[in-house]
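Okay, so here's just one chain, in structure tokens, the form predicted alone.
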């Protein structure tokens, strides 16, 4: 049985109710995890708070070494961790391995930045006076992570938090705590001090909210839906806590009349259907110039028809199940609404059962919808599953107007050979990330964060460090040298 990880060890709480962790592919129980509450959250936060002074005072270069060694240990365990991740989340083993490696890459990236954490120096503030800008860690960070990428999205928070000298209490989604709990143990065994990284499983209401509201937590890092993010931001505001929020998205992709249609179709297919479409940064609305729309749609449909659906452990599977029955039901409602609004179904739009697929699995056929109504749910809501709506547009002005028409502003992409057109569009698209003629790959070197109601603050890049540190100004007045003659007179008079 899985247990919470506090102060460098698994801790058993026999009094706690336990939540079954089930495999989305077949409904079978993988393990159970404790449903922690305010008392367990308090114990984890107290552990992180006690560990903070020593970790803060550890030289940054040494913190980088420790984090790098811990990351190597996680990488060495990838063949243990990937099946565990697949069993609790549902994604294919290939994608699970990619996710673990991505988590490691992020930790290694920030471990390498350890010696680049700097303050500042301001000379000549006044006669004989200079200023220093000192950068210090905040303290205990509460990291709340969703179920779609349990480790990758943890790494986005853990890397910058630890390297800047903070300690962390993480609360994974209640349906995907297992891999995170095991990673915490691996990192501790590799040298991360006790209390520096703690993991507590539980629901958002019983564990997440107490974590956000705990008076010793100075920063909240959250990835999840926009409605929940708004609630957490309000809770964090009660304690004037720092917060970074990576929230929902409905990323537009624009395909122009001069685009490389083969590459654009491949990017649209991967960008929509990776992780069964359960990604914040996924292609969720596709706008194609009319003159190339028919050709492009046929190319895309050909790729979608080839996507093999099945359990994540089956060889060659490209789409696993949706994570939960609730998630599949919501997707089905959104797709049916699109069909009722007049959308043409080129592929999919049905629940998959039989042919070796468990009736208790949450499988849905990859779906391609053409011209649903502009007020349909797939056009106005975030669609978290394998369904992609496509619309024809006359020109760039219409594409940009539609792309910017929602409350979301997370990612976006444009395909064109005209770089002047691409640059103009990139400036006008209201999103925190724009790819030009590129698949949707997020780079640790670049800051990432949403606009509008897709989030607040930045992850990745050196900019992320700003959200895990506090700066203070120090004024230094140089001592005035004593007059030697006066000093001699004073010495004589004192005798």
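Bear in mind the structure is a predicted one, so any value in this text is a computation, not a measurement. Numbering follows the first chain given and starts at 1.
The same protein has a further form, the form predicted together with nicotinamide-adenine-dinucleotide (NAD), not shown here; the description that follows concerns it.
Interface residue remark: residue 225 is counted as part of the site for nicotinamide-adenine-dinucleotide (NAD) in the predicted complex, having a heavy atom within 4.5 Å. Taking the partner from the other structure, nicotinamide-adenine-dinucleotide (NAD) in the predicted complex has no heavy atom within 4.5 Å of any heavy atom of residue 299. Although the partner is absent here, residue 416 is not a contact residue: none of its heavy atoms lies within 4.5 angstroms of nicotinamide-adenine-dinucleotide (NAD) in the predicted complex. With a 4.5 Å cutoff on heavy atoms, residue 181 does not count as touching nicotinamide-adenine-dinucleotide (NAD) in the predicted complex; it lies far away. The stretch among 106 to 114, 359 to 367, 388 to 396, 197 to 205 whose residues place heavy atoms within 4.5 Å of nicotinamide-adenine-dinucleotide (NAD) in the predicted complex is 197 to 205. The partner is absent here; in the predicted complex, the one residue of 136, 231, 101, 402 having a heavy atom within 4.5 Å of nicotinamide-adenine-dinucleotide (NAD) is 231. Proximity to nicotinamide-adenine-dinucleotide (NAD) in the predicted complex, defined as a heavy atom within 4.5 Å, singles out one entry of 271, 372, 146, 409, which is 146.
Along 418 to 433, no residue reaches a heavy atom to within 4.5 Å of nicotinamide-adenine-dinucleotide (NAD) in the predicted complex.
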